[in-house]
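Shown below, as structure tokens, is a lone chain in the form predicted alone; questions about how it binds or moves come after it.
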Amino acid sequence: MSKYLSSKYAALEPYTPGEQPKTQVLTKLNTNESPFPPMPEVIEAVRAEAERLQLYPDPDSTMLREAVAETLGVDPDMVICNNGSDETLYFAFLAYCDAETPAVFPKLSYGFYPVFADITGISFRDIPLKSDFSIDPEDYYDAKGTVFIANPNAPTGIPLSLSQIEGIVQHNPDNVVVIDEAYVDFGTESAVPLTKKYDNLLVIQTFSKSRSMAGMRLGYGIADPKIIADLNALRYSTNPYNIDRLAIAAGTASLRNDEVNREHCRTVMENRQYTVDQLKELGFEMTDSTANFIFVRHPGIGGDVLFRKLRERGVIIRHWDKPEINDYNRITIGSKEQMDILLREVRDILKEAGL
């Protein structure tokens, strides 16, 4: 940090993204990307739009918002498109948290939540998970703050049911509840239908996981039109051209062929069950994940040891050096071939350890 940095950021602890290796690795299972490339229609749409890069993009992302609305069965004025779901989250922290309204979220969840709280200068209350790593919905009743919940949660992959989400929304009538659905398309029921019933619910989704566009940085929020107007006021006050022409074209083309994405999600879910079954036979324990990753531990080998040994063999997974989850690793579900590589290396590691 330079000597010129404002003192208000002196204690800021930035979010740590998942490792993006600069060298060739055997298989990369650490950042929950899709194993599938973008569909040809998306690539062609980007290629065509590249011929118009001399022009500013539509600041309202009209074509993309309409595609999102049609796909999800909502009105276009209930949709905001942003530069990744993280930007939508950031706007929500700015809009609905202040000195009188703290942020409230699980203690073990998406690591950006406390970072957003710190950088926006608002206090937060992080609520411990239950002993089985699940969220107790009643912990968020009358939260006296803006609630942020990833569903399914990260890094555990454990979901709340739609009725549990609705209970949280109902018990916070004077505050906004933000449901972060980055991984919803892999087996969790979405709360989007509830946005038509409750004006204090904001649902955030992304193109990064289920639509093979982590590199495009594209996300969106769904809420009552007045909530969307709030977020747009902040967007227009910071970066009205936040979605570039290529992203608008790519996202629209993807949604127009969304059944391909759905089929990819079904394949990931099949590969998830296959990997879970194989790892359980090897003695692993895990949470009941409905995300495109699993959260696992083996009683005979430390999570950090397994992480390092796999990395030495060219397989990258995610490990956190936190006491409550140090024994666990998060493993992205990739292609069947990738999962077989992982399983082969895990078997060899366990064999070397006499397990």
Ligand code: PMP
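When you see a residue number, it is the position in the sequence shown, counting from 1. What you see is a predicted model, and the numbers here were worked out from it, not measured in a lab.
The next section is about a form of this same protein that is not shown, the form predicted together with the ligand.
Thinking of Ala150, Lys209 and Arg217 as the candidate spot, does the ligand come within 4.5 Å of a heavy atom on all of them in the predicted complex? Judged in the predicted complex, Ala150, Lys209 and Arg217 all sit within 4.5 Å of the ligand.
Scan Pro159, Gly221, Pro106, Gly84 and let me know which has any heavy atom within 4.5 Å of the ligand in the predicted complex. Residue within 4.5 Å of the partner: Gly84.
The ligand: the contacting residue among Tyr140, Phe93, Phe284, Tyr183 in the predicted complex [heavy atom, 4.5 Å]: Selected option: Tyr183.
Stretch in contact, per heavy atom within 4.5 angstroms of the ligand in the predicted complex, of 175 to 183, 119 to 127, 236 to 244, 70 to 78: Result of the contact check: 175 to 183.
Proximity of Leu89 to the ligand in the predicted complex, heavy atoms at 4.5 Å: Looking in the predicted complex, residue contacts with the ligand include Leu89, since a heavy atom lies within 4.5 Å.
May I ask you to state whether Val203 is within 4.5 Å of the ligand in the predicted complex, using heavy atom distances? No - in the predicted complex, heavy atoms of Val203 and the ligand never come within 4.5 Å of each other.
Find out whether any non-hydrogen atom of Ala154 is located within 4.5 angstroms of the ligand in the predicted complex, and reply yes or no. Ala154 belongs to the contact set for the ligand.
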